[in-house]
Ligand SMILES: Cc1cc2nc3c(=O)[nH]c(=O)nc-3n(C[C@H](O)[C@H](O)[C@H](O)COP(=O)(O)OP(=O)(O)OC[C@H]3O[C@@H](n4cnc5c(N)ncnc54)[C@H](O)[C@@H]3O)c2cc1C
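In structure tokens, the next block holds one chain alone, the form predicted on its own.
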């Protein structure tokens, strides 16, 4: 792995950082205050992203995307992580799982999503099935040549803006040595489909303006044409396209941690107590040293995992390690930054209390820290037969 960035990668970083500082930062306070992204601001961000040439940069050029490598895309997400997720959502990174589209699905879902004409949302989590996907109770059964879906999904991010949804449901079950094992199928479901409703979810302390929603299916009829991938092949689709989303979370955590660190560092250099900058005291300098060390470590874990994907090397454990370490690092860095600011760190005049709140969910969504540890441990022990 080359530890230096190419000229093109340096340009990606500087371009996205300038975009975030000029187009995202100015709107953050309003979104935090109202818990809502005005439609005109959302449209403006999406339009400018398209003009910049970065919309759907995570998709290959063959389908109209930006064609960035995994490493390049990690750099993009790292810079976007500096800004409010409610606003950077409109920067446009459709779910890579749409690459599984076939036939008419390509023109109906894949290409419009890449062009920024339609937005998608991913729906897996259920009230009684979080990390245990196999226990989901949202089901689809065959009736008169159609699929009939019943059940509920919750914690669905981006659902308030989505034009269509990628929904994973149980379509059967098999008896195994460990009990019943449900078969999973992915479906493409358009907003407004009869029997399908989207409603407000829960009030969360993390990422105001980026709400979670609840999806209800009540005898929702879908034709075979809405199956994404193969019937009962939902896990195959997940494994091919979804596991790298954990890398996105890790990269964004690194970006947000660097922003919090920079605020704390500047404050330590400017704030004076007892006749000198507070950064000269070990009680401040040592936490700063720990913060930057852990940020750099998370950064390299993340970029090296992305590099492995680009080389076609196994990266499941490395991605899990990056997600685990980066999100737990973010929690520590935001907490330490607040401590350096003292009481002002908890005031809404500064973004640190928001970073602190937002950081909490990163250890939960896209696979909890416990799930990441399970993945890492399993990867280590399986070759030894344990």
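Positions refer to the first chain, counted from 1. What you see is a predicted model; the values in this text were computed from it and never measured.
What follows is about the form predicted in complex with this ligand, which we do not show.
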Open item on the list: Exactly one residue in 112, 229, 130, 209 has a non-hydrogen atom within 4.5 Å of this ligand in the predicted bound form; which is it?
Closed with: 130
Task: Contacting member of 140, 123, 76, 305, with respect to this ligand in the predicted bound form [4.5 Å, heavy atom] - done: 123
- [ ] May I ask you to check whether residue 155 falls inside a 4.5 Å heavy atom distance of this ligand in the predicted bound form?
- [x] yes
Open item on the list: My question is simply whether residue 15 lines the interface with this ligand in the predicted bound form - judged by any non-hydrogen atom within 4.5 Å.
Closed with: no
Open item on the list: Please determine whether residue 23 contacts this ligand in the predicted bound form, using a 4.5 Å cut-off between heavy atoms.
Closed with: no
Task: is_contact(residue 361, this ligand) in the predicted bound form, heavy atom dist at most 4.5 Å - done: yes
Open item on the list: Only one of 230-238, 294-302, 156-164, 268-276 has heavy atoms within 4.5 Å of this ligand in the predicted bound form; I'd like to know which.
Closed with: 156-164
Open item on the list: Within 4.5 Å of this ligand in the predicted bound form, counting any non-hydrogen atom, which residues from 355-374 show up?
Closed with: 361, 364, 365, 366, 367, 368, 370, 371
